[in-house]
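There is one chain below, alone, in structure tokens, taken in the form predicted on its own.
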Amino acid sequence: MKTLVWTLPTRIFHWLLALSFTTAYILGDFDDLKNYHFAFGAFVGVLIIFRILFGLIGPKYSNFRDFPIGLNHQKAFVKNYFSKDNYVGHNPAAALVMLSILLVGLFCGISGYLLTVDGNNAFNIIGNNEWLEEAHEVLANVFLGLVIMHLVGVFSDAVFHWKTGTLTSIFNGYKNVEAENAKLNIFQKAFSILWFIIPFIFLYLAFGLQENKSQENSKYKNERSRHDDDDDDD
């Protein structure tokens, strides 16, 4: 028997996050493509914010209430991993990794945004942003490590619990288990529409933000320099 576990919004989020994070991570190494890096980073951040909200109001299996993250769940999962798979949605390890991805991705996006507005004194906390750059880089690498853990878990499930159909459920939403189907109500459907429109708006708006900020900072420095020169003349 097949059960719908992952509704369409959850699956779309999964693939959009994978593509946008990969793009942002790769582009981070190219100075002449920083605008693209920042735009896709903003896309990741907004996408994650909506996923966190969806975790609070979303349907069964995608809702955080369905995440078996307790210590007893973790012990039972490790003990019985090779013998059976009792989890319809996220298993305990996958639930922890998923929550970690959301939290790390959120803070990574916030740190990236703060770096972009480093000319704003409201965010220039200690006079320079070296610590913020380091934090952003560390968070991005931790995010990548969590993604790798997620992939290892998915393929491990595909090997040891292939009958469940975990790997194919990422594409079609169905697992070979007998359980209650996930369903979207009207509010969740309306929320999902916004979920996949607003991140693209931010992608568009964020593209030129870093360049504009740099131009503003340069203009500000030039004006300060001219002002200092005038004071010296006086």
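Residues carry their position along the shown sequence, with the first being 1. Note that this is a predicted model, so its numbers are computed, not measured.
Keep in mind that the form predicted in complex with a small molecule is not shown, yet the notes after this line are about it.
Colleague: By the heavy atom within 4.5 Å rule, which residue out of M149, L115, V142, L103 makes contact with the small molecule in the predicted complex?
Modeller: Selected option: L115.
Colleague: Taking the small molecule in the predicted complex as the reference, which of L96, A135, A76, V154 has a non-hydrogen atom within 4.5 Å?
Modeller: It is V154.
Colleague: Taking heavy atoms and a 4.5 Å cut-off, does G28 contact the small molecule in the predicted complex?
Modeller: Yes, G28 lies within 4.5 Å of the small molecule in the predicted complex.
Colleague: Although the partner isn't part of this model, could you tell me whether F171 comes within 4.5 Å of the small molecule in the predicted complex, counting any heavy atom of the residue?
Modeller: Yes, F171 sits close enough to the small molecule in the predicted complex that at least one of its heavy atoms falls within 4.5 Å.
Colleague: Any of the heavy atoms of A42 lying within 4.5 Å of the small molecule in the predicted complex?
Modeller: Yes, A42 is a contact residue.
Colleague: When the contact criterion is heavy atoms within 4.5 Å, does S192 count as touching the small molecule in the predicted complex?
Modeller: No, S192 stays farther than 4.5 Å from the small molecule in the predicted complex.
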